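A single chain comes next, written as C-alpha coordinates; it is the form predicted alone.
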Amino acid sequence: MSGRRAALAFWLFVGPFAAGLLLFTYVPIGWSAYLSFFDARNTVTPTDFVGFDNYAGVLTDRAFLDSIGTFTVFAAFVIPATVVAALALALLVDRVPVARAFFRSVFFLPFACSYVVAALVWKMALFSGVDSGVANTVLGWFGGEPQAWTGTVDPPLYWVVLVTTRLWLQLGFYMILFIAALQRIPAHLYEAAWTDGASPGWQTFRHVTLPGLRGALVAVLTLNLINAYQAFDEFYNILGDSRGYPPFARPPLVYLYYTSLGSGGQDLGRGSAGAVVLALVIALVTLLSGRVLRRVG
(Lines give C-alpha, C1' and ligand atoms only; values in the text may rest on other atoms or scores of the structure.)
Protein backbone atom coordinates (compact mmCIF):
# COMPACT_ATOMS: atom_id res chain seq x y z
CA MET A 1 0.00 0.00 0.00
CA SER A 2 1.41 3.39 -1.01
CA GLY A 3 2.02 6.13 1.53
CA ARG A 4 -0.91 8.21 0.26
CA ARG A 5 -3.34 5.31 0.40
CA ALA A 6 -2.13 4.38 3.88
CA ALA A 7 -2.66 7.96 5.06
CA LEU A 8 -6.13 8.01 3.47
CA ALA A 9 -7.06 4.73 5.17
CA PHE A 10 -5.74 6.08 8.48
CA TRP A 11 -7.87 9.22 8.35
CA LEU A 12 -10.94 7.31 7.16
CA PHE A 13 -10.83 5.23 10.34
CA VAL A 14 -9.42 7.74 12.80
CA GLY A 15 -10.89 10.95 11.36
CA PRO A 16 -14.51 10.54 12.57
CA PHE A 17 -13.37 9.71 16.10
CA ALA A 18 -10.86 12.57 16.15
CA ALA A 19 -13.55 14.99 14.92
CA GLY A 20 -16.00 13.75 17.54
CA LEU A 21 -13.37 14.07 20.27
CA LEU A 22 -12.55 17.62 19.15
CA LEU A 23 -16.18 18.70 18.77
CA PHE A 24 -17.75 17.09 21.84
CA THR A 25 -14.84 17.10 24.30
CA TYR A 26 -12.14 19.68 23.65
CA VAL A 27 -14.40 22.46 22.30
CA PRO A 28 -16.70 22.32 25.41
CA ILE A 29 -13.63 22.24 27.67
CA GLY A 30 -12.16 25.28 25.93
CA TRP A 31 -15.50 27.10 25.98
CA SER A 32 -15.96 26.33 29.68
CA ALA A 33 -12.48 27.70 30.45
CA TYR A 34 -13.30 30.83 28.42
CA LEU A 35 -16.68 31.23 30.13
CA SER A 36 -15.06 31.05 33.57
CA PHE A 37 -13.68 34.57 33.10
CA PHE A 38 -17.13 36.09 32.48
CA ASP A 39 -20.30 36.81 34.40
CA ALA A 40 -22.64 34.36 32.68
CA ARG A 41 -25.92 33.77 34.49
CA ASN A 42 -28.67 31.76 32.80
CA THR A 43 -26.72 31.84 29.54
CA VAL A 44 -23.72 30.16 27.92
CA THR A 45 -22.89 33.40 26.11
CA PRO A 46 -20.18 35.46 27.85
CA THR A 47 -21.37 38.90 28.93
CA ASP A 48 -19.24 40.94 31.36
CA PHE A 49 -15.55 40.12 31.77
CA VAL A 50 -14.76 39.58 35.47
CA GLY A 51 -11.19 38.23 35.32
CA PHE A 52 -10.42 35.81 38.14
CA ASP A 53 -13.42 36.83 40.28
CA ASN A 54 -15.21 33.53 39.62
CA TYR A 55 -12.11 31.59 40.67
CA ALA A 56 -11.74 33.66 43.84
CA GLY A 57 -15.42 33.09 44.61
CA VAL A 58 -15.14 29.31 44.19
CA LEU A 59 -11.92 28.96 46.16
CA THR A 60 -13.32 30.95 49.09
CA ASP A 61 -16.71 29.23 49.03
CA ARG A 62 -17.08 27.04 52.11
CA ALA A 63 -19.43 24.67 50.28
CA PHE A 64 -16.87 24.01 47.52
CA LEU A 65 -14.08 23.39 50.03
CA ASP A 66 -16.38 21.04 51.97
CA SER A 67 -17.08 19.18 48.73
CA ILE A 68 -13.33 18.54 48.34
CA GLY A 69 -13.35 17.18 51.92
CA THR A 70 -16.26 14.91 51.02
CA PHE A 71 -14.29 13.58 48.07
CA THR A 72 -11.27 12.94 50.34
CA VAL A 73 -13.38 10.83 52.73
CA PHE A 74 -14.98 8.95 49.83
CA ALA A 75 -11.59 8.27 48.20
CA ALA A 76 -10.06 7.15 51.52
CA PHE A 77 -12.75 4.48 51.82
CA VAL A 78 -13.32 3.38 48.25
CA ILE A 79 -9.82 3.32 46.70
CA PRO A 80 -8.05 0.95 49.16
CA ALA A 81 -11.15 -1.26 49.39
CA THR A 82 -11.44 -1.49 45.60
CA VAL A 83 -7.75 -2.28 45.02
CA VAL A 84 -7.56 -4.97 47.72
CA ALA A 85 -10.90 -6.61 46.85
CA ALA A 86 -10.33 -6.53 43.07
CA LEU A 87 -6.86 -8.03 43.43
CA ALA A 88 -8.07 -10.76 45.78
CA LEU A 89 -10.95 -11.55 43.43
CA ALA A 90 -8.60 -11.67 40.42
CA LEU A 91 -6.25 -14.09 42.20
CA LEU A 92 -9.15 -16.36 43.14
CA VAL A 93 -10.88 -16.33 39.73
CA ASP A 94 -7.61 -16.77 37.84
CA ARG A 95 -6.94 -20.00 39.77
CA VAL A 96 -10.40 -21.51 39.43
CA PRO A 97 -9.86 -24.80 37.55
CA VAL A 98 -13.32 -24.92 35.92
CA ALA A 99 -15.91 -22.42 34.62
CA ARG A 100 -13.39 -19.57 34.76
CA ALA A 101 -15.19 -17.58 32.05
CA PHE A 102 -18.47 -17.97 33.95
CA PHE A 103 -17.04 -16.49 37.13
CA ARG A 104 -15.40 -13.62 35.21
CA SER A 105 -18.73 -12.79 33.60
CA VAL A 106 -20.63 -13.00 36.89
CA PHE A 107 -18.30 -10.56 38.64
CA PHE A 108 -17.99 -8.27 35.59
CA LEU A 109 -21.75 -8.03 34.98
CA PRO A 110 -22.44 -5.28 37.60
CA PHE A 111 -20.11 -2.96 35.65
CA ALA A 112 -22.69 -2.93 32.84
CA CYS A 113 -25.39 -1.77 35.24
CA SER A 114 -26.44 1.87 35.36
CA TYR A 115 -25.15 3.83 38.34
CA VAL A 116 -28.58 5.40 38.74
CA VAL A 117 -30.35 2.03 38.84
CA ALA A 118 -27.83 0.56 41.28
CA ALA A 119 -28.09 3.62 43.54
CA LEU A 120 -31.88 3.38 43.63
CA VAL A 121 -31.78 -0.37 44.38
CA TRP A 122 -29.33 0.25 47.22
CA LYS A 123 -31.44 3.09 48.58
CA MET A 124 -34.94 1.63 48.20
CA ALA A 125 -34.31 -2.09 48.78
CA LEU A 126 -31.04 -2.96 50.46
CA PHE A 127 -30.65 0.07 52.77
CA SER A 128 -34.20 1.39 52.78
CA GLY A 129 -34.16 2.12 56.52
CA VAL A 130 -37.41 0.23 57.22
CA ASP A 131 -37.53 -2.91 59.33
CA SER A 132 -38.17 -5.10 56.27
CA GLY A 133 -35.16 -3.76 54.37
CA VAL A 134 -32.42 -6.26 53.54
CA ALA A 135 -29.70 -4.62 55.67
CA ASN A 136 -31.99 -4.18 58.68
CA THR A 137 -33.24 -7.75 58.33
CA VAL A 138 -29.65 -9.05 58.45
CA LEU A 139 -28.94 -6.80 61.44
CA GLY A 140 -31.99 -8.26 63.18
CA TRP A 141 -30.65 -11.79 62.75
CA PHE A 142 -27.66 -10.78 64.90
CA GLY A 143 -29.71 -8.86 67.44
CA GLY A 144 -29.00 -5.40 66.03
CA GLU A 145 -31.43 -2.48 65.98
CA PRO A 146 -32.83 -1.20 62.64
CA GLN A 147 -30.87 1.73 61.24
CA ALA A 148 -31.96 4.71 59.15
CA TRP A 149 -28.80 4.36 56.94
CA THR A 150 -29.31 7.32 54.58
CA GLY A 151 -31.53 9.31 56.94
CA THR A 152 -29.03 10.10 59.68
CA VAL A 153 -25.64 11.76 60.04
CA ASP A 154 -24.98 10.50 63.58
CA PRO A 155 -23.57 7.96 63.04
CA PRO A 156 -22.86 8.69 59.34
CA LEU A 157 -24.04 5.32 58.05
CA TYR A 158 -24.79 6.80 54.63
CA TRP A 159 -21.08 6.21 53.84
CA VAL A 160 -21.71 2.45 54.03
CA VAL A 161 -24.39 2.79 51.36
CA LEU A 162 -22.29 5.05 49.11
CA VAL A 163 -19.11 2.97 49.31
CA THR A 164 -20.77 -0.43 48.87
CA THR A 165 -22.68 0.83 45.84
CA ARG A 166 -19.46 1.99 44.17
CA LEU A 167 -17.65 -1.23 45.11
CA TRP A 168 -20.37 -3.44 43.66
CA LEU A 169 -20.41 -1.49 40.41
CA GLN A 170 -16.69 -1.23 39.66
CA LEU A 171 -15.10 -4.27 41.30
CA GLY A 172 -15.53 -6.52 38.24
CA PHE A 173 -13.90 -4.03 35.88
CA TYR A 174 -10.74 -3.72 37.96
CA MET A 175 -10.73 -7.49 38.51
CA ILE A 176 -10.47 -7.95 34.71
CA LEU A 177 -7.51 -5.52 34.58
CA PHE A 178 -5.71 -7.50 37.27
CA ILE A 179 -6.45 -10.84 35.59
CA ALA A 180 -5.02 -9.55 32.30
CA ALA A 181 -1.88 -8.45 34.15
CA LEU A 182 -1.61 -11.78 36.01
CA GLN A 183 -1.66 -13.70 32.73
CA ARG A 184 1.26 -11.64 31.40
CA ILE A 185 3.59 -12.74 34.21
CA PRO A 186 5.90 -15.40 32.69
CA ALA A 187 5.50 -18.87 34.24
CA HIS A 188 9.27 -19.38 34.35
CA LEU A 189 9.55 -16.62 37.00
CA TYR A 190 7.40 -18.71 39.36
CA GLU A 191 9.45 -21.83 38.55
CA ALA A 192 12.69 -19.95 39.24
CA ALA A 193 11.32 -18.67 42.56
CA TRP A 194 10.26 -22.16 43.64
CA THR A 195 13.66 -23.55 42.60
CA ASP A 196 15.29 -20.91 44.80
CA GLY A 197 13.21 -22.08 47.76
CA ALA A 198 10.33 -19.59 47.76
CA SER A 199 7.09 -20.97 49.18
CA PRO A 200 4.04 -20.94 46.85
CA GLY A 201 2.11 -18.58 49.15
CA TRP A 202 3.12 -15.18 50.44
CA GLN A 203 6.79 -15.31 49.33
CA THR A 204 5.87 -15.99 45.70
CA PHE A 205 3.17 -13.31 45.78
CA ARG A 206 5.53 -10.75 47.38
CA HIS A 207 8.54 -11.31 45.10
CA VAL A 208 6.99 -12.41 41.77
CA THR A 209 3.27 -11.60 41.49
CA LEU A 210 3.24 -8.15 43.07
CA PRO A 211 6.19 -6.76 41.02
CA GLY A 212 4.55 -8.17 37.90
CA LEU A 213 1.35 -6.27 38.70
CA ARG A 214 3.07 -2.90 39.18
CA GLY A 215 1.76 -1.38 35.94
CA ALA A 216 -1.78 -2.62 36.59
CA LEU A 217 -1.68 -1.27 40.15
CA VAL A 218 -0.70 2.19 38.90
CA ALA A 219 -3.51 2.10 36.32
CA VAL A 220 -6.13 0.91 38.85
CA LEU A 221 -5.14 3.50 41.45
CA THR A 222 -5.14 6.32 38.90
CA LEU A 223 -8.51 5.35 37.40
CA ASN A 224 -9.98 4.94 40.88
CA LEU A 225 -8.80 8.38 41.90
CA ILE A 226 -10.23 10.06 38.79
CA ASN A 227 -13.53 8.19 39.13
CA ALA A 228 -13.80 9.14 42.79
CA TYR A 229 -13.42 12.83 41.89
CA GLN A 230 -16.16 12.41 39.29
CA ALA A 231 -18.63 10.71 41.66
CA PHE A 232 -22.12 12.06 41.13
CA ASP A 233 -24.84 9.49 40.38
CA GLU A 234 -24.70 7.47 43.59
CA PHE A 235 -24.43 10.57 45.79
CA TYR A 236 -27.26 12.41 44.03
CA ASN A 237 -29.65 9.48 43.83
CA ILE A 238 -28.99 8.01 47.28
CA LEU A 239 -28.87 11.20 49.37
CA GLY A 240 -31.11 13.48 47.30
CA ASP A 241 -34.90 13.46 47.53
CA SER A 242 -37.88 15.65 46.65
CA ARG A 243 -36.69 18.26 49.16
CA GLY A 244 -33.35 18.61 47.38
CA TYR A 245 -29.86 17.55 48.34
CA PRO A 246 -28.62 17.71 51.96
CA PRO A 247 -25.64 20.02 52.65
CA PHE A 248 -23.50 17.22 54.09
CA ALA A 249 -21.63 14.75 51.82
CA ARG A 250 -21.81 16.97 48.75
CA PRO A 251 -19.01 15.94 46.33
CA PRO A 252 -17.49 18.43 43.85
CA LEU A 253 -19.70 17.50 40.89
CA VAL A 254 -22.91 17.82 42.92
CA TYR A 255 -21.70 21.25 44.09
CA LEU A 256 -21.04 22.27 40.47
CA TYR A 257 -24.43 20.92 39.41
CA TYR A 258 -26.24 23.07 41.98
CA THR A 259 -24.10 26.12 41.18
CA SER A 260 -24.53 25.91 37.41
CA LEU A 261 -27.97 24.39 36.98
CA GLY A 262 -29.72 24.17 40.33
CA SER A 263 -30.61 26.49 43.15
CA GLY A 264 -27.29 28.37 42.92
CA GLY A 265 -28.77 30.84 40.42
CA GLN A 266 -27.53 29.09 37.27
CA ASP A 267 -24.21 30.87 37.53
CA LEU A 268 -22.48 29.21 34.58
CA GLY A 269 -19.40 31.43 34.84
CA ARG A 270 -18.74 30.40 38.43
CA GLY A 271 -19.65 26.80 37.69
CA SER A 272 -17.15 26.78 34.80
CA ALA A 273 -14.46 28.17 37.12
CA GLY A 274 -15.20 25.33 39.57
CA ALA A 275 -14.99 22.79 36.74
CA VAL A 276 -11.60 24.16 35.66
CA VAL A 277 -10.32 24.06 39.27
CA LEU A 278 -11.56 20.48 39.63
CA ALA A 279 -9.89 19.44 36.33
CA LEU A 280 -6.61 21.00 37.46
CA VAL A 281 -6.81 19.25 40.83
CA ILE A 282 -7.46 15.90 39.13
CA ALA A 283 -4.55 16.42 36.70
CA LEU A 284 -2.20 17.49 39.50
CA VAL A 285 -3.12 14.61 41.83
CA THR A 286 -2.87 12.11 38.96
CA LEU A 287 0.61 13.32 38.01
CA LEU A 288 1.80 13.30 41.62
CA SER A 289 0.38 9.85 42.35
CA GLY A 290 1.97 8.47 39.17
CA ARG A 291 5.38 9.82 40.15
CA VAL A 292 5.07 8.55 43.74
CA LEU A 293 3.99 5.09 42.61
CA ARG A 294 6.84 4.87 40.10
CA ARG A 295 9.33 5.76 42.85
CA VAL A 296 7.81 3.24 45.25
CA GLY A 297 7.94 0.61 42.51
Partner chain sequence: MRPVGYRHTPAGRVGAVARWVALVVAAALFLLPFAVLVRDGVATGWSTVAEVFSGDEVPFARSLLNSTVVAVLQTAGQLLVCSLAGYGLARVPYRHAPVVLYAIVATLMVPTAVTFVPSFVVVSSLGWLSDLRGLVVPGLFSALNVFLFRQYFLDFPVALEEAGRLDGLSRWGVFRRVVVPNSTAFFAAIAVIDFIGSWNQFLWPLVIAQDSTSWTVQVAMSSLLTAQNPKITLLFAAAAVSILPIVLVFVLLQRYLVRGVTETGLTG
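Numbering follows the first chain given and starts at 1. Predicted, not measured: the structure shown is a model, and the values here were computed from it. We call the rigid core whatever largest set of C-alpha positions still superposes within 1.5 Å between the two forms.
One more form of this protein exists, namely the form predicted in complex with the partner chain; it is left out here, but the text below deals with it.
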item: Interface segment, criterion being heavy atoms within 4.5 Å of the partner chain in the predicted complex, picked from 141-149, 155-163, 67-75, 96-104; value: 96-104
item: Listed residue (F49, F248, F52, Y26) with a non-hydrogen atom within 4.5 angstroms of the partner chain in the predicted complex; value: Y26
item: One residue of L223, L210, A81, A192 in contact with the partner chain, assessed in the predicted complex (non-hydrogen atom, 4.5 angstroms); value: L223
item: Partner contact for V58 in the predicted complex: the partner chain, 4.5 angstroms, heavy atom; value: no
item: Contact flag, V14 vs the partner chain in the predicted complex, heavy atom cut 4.5 Å; value: yes
item: Distance check, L284 to the partner chain in the predicted complex, heavy atom within 4.5 Å; value: no
item: Contact flag, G197 vs the partner chain in the predicted complex, heavy atom cut 4.5 Å; value: no
item: In the predicted complex, residues of 229-247 near the partner chain [heavy atom within 4.5 Å]; value: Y229, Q230, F232, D233, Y236, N237, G240, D241, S242
item: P28 C-alpha relocation of at least 2 Å between the shown form and the other one, rigid core basis; value: yes
item: Did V44 shift 2 Å or more between the shown form and the other one, C-alpha, core superposed; value: yes
item: C-alpha of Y55 moved at least 2 Å between the shown form and the other one on rigid core; value: yes
